[in-house]
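As structure tokens, one chain now follows by itself in the form predicted on its own.
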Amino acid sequence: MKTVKTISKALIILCLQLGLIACKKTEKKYSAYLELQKDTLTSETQIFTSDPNILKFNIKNIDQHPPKGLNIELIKYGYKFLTTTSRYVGYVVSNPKKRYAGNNLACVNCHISGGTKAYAGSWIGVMSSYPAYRTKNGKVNDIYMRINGCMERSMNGRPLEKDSKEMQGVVEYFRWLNTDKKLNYLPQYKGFLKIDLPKRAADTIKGKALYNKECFYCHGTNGSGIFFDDRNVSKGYVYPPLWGKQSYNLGAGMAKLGTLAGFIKGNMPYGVEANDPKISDEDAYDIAAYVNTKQRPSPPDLEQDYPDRLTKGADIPYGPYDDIFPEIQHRIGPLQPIKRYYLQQLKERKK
């Protein structure tokens, strides 16, 4: 009898512990939902950072402080589209004609805090950066082409029509983020954190161990992410999938070793800032390699990217290449020899 009571007591304690874990998971999931869903456009806030030297975009109440010459309702629509993208163009939305994306990601899964966080692919000043020549397609790209590049690669989908409300809303939102002129050319709002890439191949075994320590709680042991609502996947993700059919495809910027490592170092675990990182350059490098050697969709016509292959970049994870290095080295490094080779070839060309 004593043994039975002991076992029963142990089971009760175990159930309570499991219940506590479940509550913590639910609480974390719900708090993240509120954080991502709150409408920052209707309250005066300043993007949080603990670094007083980083200038911040001041999001003012858009109704009380209407921006001159811009369409407020279109800005709001663009903001909603960017923060809850799958609900507008996800691959399972009710209207088949609106299924532009091939997954249920949201643009803010990579461009954090509505595209206003430093070193997180910010959209601040993006309207001042385009039109611009891109080596990826060998053309001068306007802002519409650049947005559709993300639709086709990061969202694994198809281009938005230029005159669609979704596209016009995104561009108007970008115009609004361009109004704080003192921020538009600051380096922290240009892409992701640059890290010191180790002069070695990434260790994907170590990367897996680090992933299981730092990342799996939000993104899952199988990289599948966490839905807002498992019963309605069109609502998108609290935390996005990092590989598999629902993740970014092989042609996306995040599929590059250096880009993903910089994103991890400057922003992960969620809430970390670039000036106070939790993950070292070496660890970010290994985690990024582990994630990006996992299976993901491959878009059509990758071989047409980078017409000038000497501008392709050392960590582009797909061929064809005009170099002497195997594809696996482009994926996991070391990248320094590839960079030196390209520089030398470009110098030779100029002679």
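On a predicted model such as this, the values are computed, not experimentally measured, just so you know. Heads up: residue numbers just count along the shown sequence, starting at 1.
Another form exists, predicted in complex with heme C; not displayed. Remarks below refer to it.
- Proximity to heme C in the predicted bound form, taken as heavy atoms within 4.5 Å, picks out 121-129 from the listed stretches 68-76, 195-203, 121-129, 90-98.
- Remark: Thr116 does not count among the residues lining heme C in the predicted bound form, judged by a heavy atom distance of 4.5 Å or less.
- Of the heavy atoms in Tyr173, none are within 4.5 Å of heme C in the predicted bound form.
- Although the partner is absent here, Gly253 is a contact residue: one of its heavy atoms lies within 4.5 angstroms of heme C in the predicted bound form.
- In the predicted bound form, Tyr185 stays away from heme C, with no heavy atom inside 4.5 Å.
- When you look in the predicted bound form, the only residue of Gly236, Gly169, Pro241, Gly262 with a non-hydrogen atom within 4.5 Å of heme C is Pro241.
- Only one of Glu214, Asp180, Glu273, Asp281 comes within 4.5 Å of heme C in the predicted bound form through a heavy atom, and that residue is Glu214.
- Across the proposed site, Leu257, Leu302 and Lys339 without exception lack any heavy atom within 4.5 Å of heme C in the predicted bound form.
- Residues Ile143, Arg146, Ile147, Cys150, Met151, Ser154 are the members of 139-154 with a non-hydrogen atom no more than 4.5 angstroms from heme C in the predicted bound form.
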